[in-house]
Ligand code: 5GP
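The chain that follows stands alone, in the form predicted on its own, written as structure tokens.
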């Protein structure tokens, strides 16, 4: 690990070595495969060691992430606020996974700040905000799930990684790499995957449950977006998809239905930058993906109050959906040189 010194690892080991603690694990709002996979995987490891663990998600998560073999209970804060608050208040340790700023936990942010006992952050996003007592932040990792596997090894918990934990951690790695299509330059990613596979997980089942588990409405929404809403700018090697609230309602939108939509334009020959704008209540959510060395995270940080990884970033806009999309198109001209020079 490049950023985490041995003193932090020693402190985390001491924090967790006495079994029987009440531990709460919190992923970010609108949790994706890495957030849920990391939370469940880490929870399984800690339960196997002898801790009492609860996962509390800020809000609900997609149906294609609700098939895990693990029996770890995930409390949805939006649905059970009083219960979640009590669980946090009674906890001995709070662990935040897969986010670098407490505000990414949305409604749980205040509970994170109010938690007076020890807090641990395990994450792979760059530029973390200091809000925990111990921070393990490693942006060179493909996913938080991969990082959790290595942390477990370093603190001596490797033998507590069972098949259920491996299944969840593999899911986190698989989804955050786009089924092993990006963020895979480090051989350690495949070394970890190999070790997880040795624990008897069915990679075929995981692939099927995540990528072949959508509703007919979701598939129709995808087709509509590609046929009617995708705009391609070959002279700028870019593309954009925008979706309104009305259009989401038309296709019976469920959380997670637009997962991966932003990646599709990158399949077009010579396209290196893709944006997806989705109209929500009071704002527009933005997702950015890129190929090569075009910095999607820097673009998002500069113009859409966001950030993330080099090739995968998110942000938001307070403007209308149409204004947001038009602004994006205008901004592309400022990046023309970089876009044309990007090697893929």
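Residue numbers count along the first chain shown, from 1. Remember, it's a predicted structure, so these values are computed and weren't measured experimentally.
Just so it is clear, the following notes concern the form predicted together with guanosine-5'-monophosphate, a form of the same protein that is not shown.
- Of the heavy atoms in residue 51, none are within 4.5 Å of guanosine-5'-monophosphate in the predicted complex.
- Contact check for residue 218: no non-hydrogen atom falls within 4.5 Å of guanosine-5'-monophosphate in the predicted complex.
- Using a 4.5 angstroms limit between non-hydrogen atoms, residue 63 is distant from guanosine-5'-monophosphate in the predicted complex.
- For residue 104, a non-hydrogen atom is located within 4.5 Å of guanosine-5'-monophosphate in the predicted complex, even though that partner is not displayed.
- Look at 66-74, 39-47, 300-308, 53-61: in the predicted complex, residues with non-hydrogen atoms within 4.5 angstroms of guanosine-5'-monophosphate sit in 300-308.
- Of the residues in 1-33, only 28 comes within 4.5 Å of guanosine-5'-monophosphate in the predicted complex through at least one heavy atom.
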